[in-house]
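So this first bit is one chain, no partners, the form predicted alone, shown in structure tokens.
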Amino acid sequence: MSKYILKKEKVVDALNALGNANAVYIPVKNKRGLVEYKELGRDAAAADAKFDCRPDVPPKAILFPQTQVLFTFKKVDGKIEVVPTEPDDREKIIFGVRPCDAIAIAVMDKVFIGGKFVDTYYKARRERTAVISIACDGPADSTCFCPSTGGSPAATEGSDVLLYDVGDSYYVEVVSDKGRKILESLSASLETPSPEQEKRKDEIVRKAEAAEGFTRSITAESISKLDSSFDSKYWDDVSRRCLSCGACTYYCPTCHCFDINDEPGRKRVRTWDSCQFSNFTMHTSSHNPRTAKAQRLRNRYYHKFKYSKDNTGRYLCVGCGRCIALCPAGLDITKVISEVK
């Protein structure tokens, strides 16, 4: 891997330089006080970027928009003519992603373009998107538990470039060819690491590998109890606190359920959906196999930690902890799993 140093005083200039040829997304604080990704030059200024925390909102919507017009249709000479939506073919860079969210993008890749059926809308965006991540020096928040799900505060999966905070500079490590090409355009801003900076970077990696500082965790032993707890009354007890608001799914970097509807204006639109909504599993026949809130809550946990693992070999959770931090009812996914009966 190629290694460089980017001084923090040069980050704003680097972002603006990247923005000349790319749509660059950076984490900034919105009017509600939450940190989310906005497009540089259109919705945010480089000087407003917040790289000192895990963003409250994941970058999922950049690749998988919350609302997306798939195509329009019209009647021409008695026949229906479909007009595909013009793709967003701009080159994109998501800057300041945390490793858990980069891994989440790799998980989304597996869902949308890694199997027999390929989502062409997602693929078109993903192929033109590069991810520049910043390693965490331990847990980014008290709700984090990424080591429990196979991740790490300094994981490289899903990233094209990984930065390490070494004080007044970022230690820059190239992960992919896509990342190497991006850094070539910033060569004038990059320097060679000093021995002290190398040492600081190695310390961050050591702490990441040792999972130092994490107070929350999910064990394989706890997850194994899902094999025999499907009909447990435990899910009724837990669900009494759930509001079915869907915050846990909308703020989750890997939840990807959606609905498709034909809307006025002859548009076919895809929108995010949530397994926590009462009509999520409603059939055309009006039969709903999950009428109880407990059933819907149970499905989320089984999907995250059992079905996904059985089918793909990995959890559909990256341990970012947003569902804990942003749940209005105070539900803690690590506590729920550890107390499964």
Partner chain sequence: MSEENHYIPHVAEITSITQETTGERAVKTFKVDFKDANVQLKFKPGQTCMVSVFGKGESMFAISQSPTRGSLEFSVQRVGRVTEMLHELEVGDEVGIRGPYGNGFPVEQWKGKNIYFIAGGIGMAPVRAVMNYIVDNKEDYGELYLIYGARTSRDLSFKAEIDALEQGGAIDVRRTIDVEEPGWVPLDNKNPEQSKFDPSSRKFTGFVATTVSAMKCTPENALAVICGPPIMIKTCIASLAKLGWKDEQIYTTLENKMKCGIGKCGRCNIGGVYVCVDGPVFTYAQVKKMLNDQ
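Residue numbers count along the first chain shown, from 1. Predicted model only: the values in this text are computed from it and were never measured.
Keep in mind that the form predicted together with its partner chain is missing from the display, and what follows is about it.
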Worksheet entry | Residues Ala21, Gly167 and Lys207 all lining its partner chain in the predicted bound form, heavy atom within 4.5 Å | no
Discussion item. Counting any heavy atom within 4.5 Å as contact, can you tell me which stretch out of 139-147, 175-183, 90-98, 121-129 lines its partner chain in the predicted bound form?
Written reply: 121-129
Response to the item:
In this chain shown alone, the residue from Trp235, Phe112, Tyr171, Tyr251 with a heavy atom within 4.5 Å of its partner chain in the predicted bound form is Phe112
Discussion item. Under a 4.5 Å heavy atom criterion, is Gly313 part of the interface with its partner chain in the predicted bound form?
Written reply: no
Worksheet item: Taking heavy atoms and a 4.5 Å cut-off, does Glu212 contact its partner chain in the predicted bound form?
Response: no
Practice prompt. Classify Phe51 as contacting or not contacting its partner chain in the predicted bound form by the rule of any non-hydrogen atom within 4.5 angstroms, answering yes or no.
Written response: no
Discussion item. Lys79 versus its partner chain, in the predicted bound form: is there a non-hydrogen atom within 4.5 Å?
Written reply: yes
Item to complete: Scan 59-85 and note down the residues that get a heavy atom within 4.5 Å of its partner chain in the predicted bound form; none is a fine answer too.
Response: Leu70, Phe71, Phe73, Gly78, Lys79, Ile80, Val82, Pro84, Thr85
